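Just the one chain here, the form predicted alone, laid out as structure tokens.
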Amino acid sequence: MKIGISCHHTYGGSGAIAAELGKALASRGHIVHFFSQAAPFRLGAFSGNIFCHEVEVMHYPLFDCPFYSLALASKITEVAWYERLDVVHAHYAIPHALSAMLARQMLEDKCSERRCFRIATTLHGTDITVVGADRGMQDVVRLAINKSDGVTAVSGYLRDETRRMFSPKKDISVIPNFVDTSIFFRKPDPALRSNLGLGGGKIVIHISNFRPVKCIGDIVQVFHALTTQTDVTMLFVGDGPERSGAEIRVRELGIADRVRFLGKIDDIVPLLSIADLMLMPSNAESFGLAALEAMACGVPVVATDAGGFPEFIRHGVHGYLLPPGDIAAMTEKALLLLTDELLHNRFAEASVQQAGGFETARLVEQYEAFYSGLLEG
């Protein structure tokens, strides 16, 4: 098949999954064309079956906003016609599915000669719970969903939220996020601890885009409590609007020497390989890819009993799922895993086994079957 993938190139789960899916499809012989403002951050090395099309946005003084959605539609139109794309897979309803829909409309006259591409849309969360929650955008999101030929969601939670909020006419299939366990596995590098100036204590990690929903302040509170009871260092990976406030709070609490803000890092496996625990206290999470990748590297997770987490984290087996905002309970369970070596080892082994059930190859096969169903329909 010839498959177009439209996605965000920036740090985050949707861009990571889109890139990993494209790479896996290319390795299975499909031709993949990426549409984005820049190469997706997880794309990595060159592949003969992968092509990237950077969307160039025109800026015009009369308008406050750049024409990204229109420029994306134009680029999809061009490539879809000349490369004879079978499917355009939009990761996010807005703007990607809407742009794909517009591109297909622009090709209507030409498509009388042959069948136009099919539109597959994957909902990742923010397009539903944030953009879609805006009353002014609800009809736009609903249109993007209903005009797609097929729609998937990365978790049952997100599927149910979409149905509740939009009552879509389209059926929504669940294809969960995935992890490549040939890449994400524990391979400790003693030199890394030294390079980061870490001692022999335990290491807690958090990876995200630092949006308010990630509850970075809760992590700081939990970690501060942990420092009073054990030798521990905190690694923050990623960047976003909540980072500055967290840095200030860490200094105010006098724990800055135990915290490392590492910024955006593409290759997170070395960091996960030295981590003992991941904290993910999000108020909501459509899936939680960072947690699954941590589990593949043998890192138990203390997370919230919210969103998609319960669909792959079993409380008391792979980590702990606790009510959002319950700092005391998160601290208690985190301390237990950091100080009880036998318990930690059991959770770590169970986490690796669980991650294997979300192996890339298994989920890519589901996407291949999904595309084939659209082409046959």
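The structure displayed is predicted, hence computed values, not measured ones. In this text, residue numbers run from 1 along the sequence as written.
Below: the form predicted in complex with a small molecule, not depicted.
Legend entry - Heavy atom within 4.5 Å of the small molecule in the predicted bound form - the one residue of I255, V79, A284, I268 that qualifies: Looking at the other structure, the residue within range turns out to be A284.
Legend entry - Among the candidates I172, V213, L102, I203, the residue which, in the predicted bound form, approaches the small molecule to within 4.5 Å (heavy atoms): Looking at the other structure, the residue within range turns out to be V213.
Inset, instruction - Indicate whether the small molecule has at least one heavy atom within 4.5 Å of a heavy atom of L289 in the predicted bound form. - result: Close contact exists here: in the predicted bound form, L289 approaches the small molecule to within 4.5 Å, heavy atoms only.
Inset, instruction - Answer for H124 alone: is it within 4.5 Å of the small molecule in the predicted bound form, judged on heavy atom distances? - result: Answer yes; at least one heavy atom of H124 falls within 4.5 Å of the small molecule in the predicted bound form.
Legend entry - Any non-hydrogen atom of T233 within 4.5 angstroms of the small molecule in the predicted bound form: Looking in the predicted bound form, residue contacts with the small molecule do not include T233, since no heavy atom lies within 4.5 Å.
Legend entry - the small molecule contact at Q221 in the predicted bound form, heavy atom, 4.5 Å: The answer is no: Q221 has no heavy atom within 4.5 Å of the small molecule.
Inset, instruction - For the three residues S14, Y92 and V154, verify that every one has a non-hydrogen atom within 4.5 Å of the small molecule in the predicted bound form; reply yes or no. - result: Every residue of the candidate spot has a heavy atom within 4.5 Å of the small molecule in the predicted bound form.
Legend entry - Heavy atom contact within 4.5 Å of the small molecule in the predicted bound form, the stretch among 223-231, 268-276, 205-213, 238-246: Of the options, only 205-213 has residues within 4.5 Å of the partner.
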